[in-house]
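Next comes just one chain, in structure tokens: the form predicted on its own.
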Amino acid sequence: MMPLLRLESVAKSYWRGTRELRVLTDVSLDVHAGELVGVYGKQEAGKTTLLKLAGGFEPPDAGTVTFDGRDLSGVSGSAIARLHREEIAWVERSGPESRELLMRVYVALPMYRRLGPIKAERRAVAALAKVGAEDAADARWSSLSNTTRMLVAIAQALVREPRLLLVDDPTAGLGIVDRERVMGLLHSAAEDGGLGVLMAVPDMPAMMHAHEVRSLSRGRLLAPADPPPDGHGTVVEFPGGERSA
């Protein structure tokens, strides 16, 4: 079966003055619909850059990123924008630019253009209820706990009914119980909702709900059988049929 998302031999560098900083080197990865794929690595390992390339938010310097069979490097700017509105959603942790927005309005924003305010807000309330954050509908960002903020962010991504969900460090600042809650929600979004979910976290324990796990080290994405470049660490795959929800 063709993957929903495929990265093939992707590389990315940034320049700091005259110095080239190589962030990703020869990275290949598949994400299928209904699958939660996790990537873990230390701070500044390149995890966020990997997610940006996967969603077409930035172009790779080399290699290809394919979504639903389409090479994103050959897609126009307007088509990429449409994909971000409708099919590829980034879970935005920072919240709304205006802290005065009620959360039902914030969650509804991606759907205003497509549905109009009334229908969009109805869908937003339903999305908040689906993630267990219905009590936040008439609250403002500043009044929410870290956990509820994360749930609202997931609802704001899911409200557009995307096919691919990109999540950067969803368990940051959460306790053990709330980490499990968030990870279980992302697992359900993949398996029950049929989404492809690509998630990046800084440590291995957050990955126990993932169907597949990769380690990002020194710009390289390691397969389960590969030794890490520094000779330390473990890379594990969790077969989907052997995990509990």
Partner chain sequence: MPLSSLIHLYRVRLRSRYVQELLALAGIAVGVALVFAALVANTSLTGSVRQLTSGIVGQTRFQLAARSAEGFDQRLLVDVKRIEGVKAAAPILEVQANVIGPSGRRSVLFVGADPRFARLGGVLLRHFTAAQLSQQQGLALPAPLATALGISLGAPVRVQIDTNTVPVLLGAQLQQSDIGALVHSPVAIAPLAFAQKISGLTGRVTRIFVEPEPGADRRVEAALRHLAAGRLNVRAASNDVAVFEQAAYPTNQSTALFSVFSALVGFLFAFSAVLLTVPQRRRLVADLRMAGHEPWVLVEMLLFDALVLGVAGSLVGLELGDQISRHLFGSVPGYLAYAFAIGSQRVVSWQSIAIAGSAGLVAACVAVLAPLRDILARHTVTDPPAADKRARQWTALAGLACLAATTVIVVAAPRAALAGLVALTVALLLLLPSLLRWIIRAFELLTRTMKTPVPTLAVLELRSGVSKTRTIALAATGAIAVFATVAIGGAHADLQRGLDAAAYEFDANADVWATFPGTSNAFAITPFVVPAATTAALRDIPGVRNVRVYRGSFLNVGDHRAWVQAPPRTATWPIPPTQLRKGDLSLATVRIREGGWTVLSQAVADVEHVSIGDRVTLPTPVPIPLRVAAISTNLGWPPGAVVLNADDYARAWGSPAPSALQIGVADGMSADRVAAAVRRTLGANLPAKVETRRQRTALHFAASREGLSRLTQISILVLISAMLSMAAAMGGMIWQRRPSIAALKVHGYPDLELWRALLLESGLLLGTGCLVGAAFGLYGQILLSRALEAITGFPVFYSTAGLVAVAILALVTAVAVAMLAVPGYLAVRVRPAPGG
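Note that the structure is predicted; figures quoted are calculated from it, not measured. Positions refer to the first chain, counted from 1.
In what follows, reference is made to the form predicted together with its partner chain, a form of this protein that is not presented.
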Whether Ser145, Arg149 and Asp169 jointly form a contact site for its partner chain in the predicted bound form is the question; each needs a heavy atom within 4.5 Å.
no
Its partner chain contact in the predicted bound form: Arg122, any heavy atom under 4.5 Å:
no
Using the partner position in the predicted bound form, report whether Asp61 sits within 4.5 Å of its partner chain, counting heavy atoms only.
no
Does any heavy atom of Leu72 come within 4.5 Å of a heavy atom of its partner chain in the predicted bound form?
yes
Counting only non-hydrogen atoms and a 4.5 angstroms cut-off, does Trp90 reach its partner chain in the predicted bound form?
yes
Taking its partner chain in the predicted bound form and a 4.5 Å non-hydrogen atom cutoff, the residues of 112 to 132 making contact are Tyr112, Arg113, Gly116, Pro117, Glu121
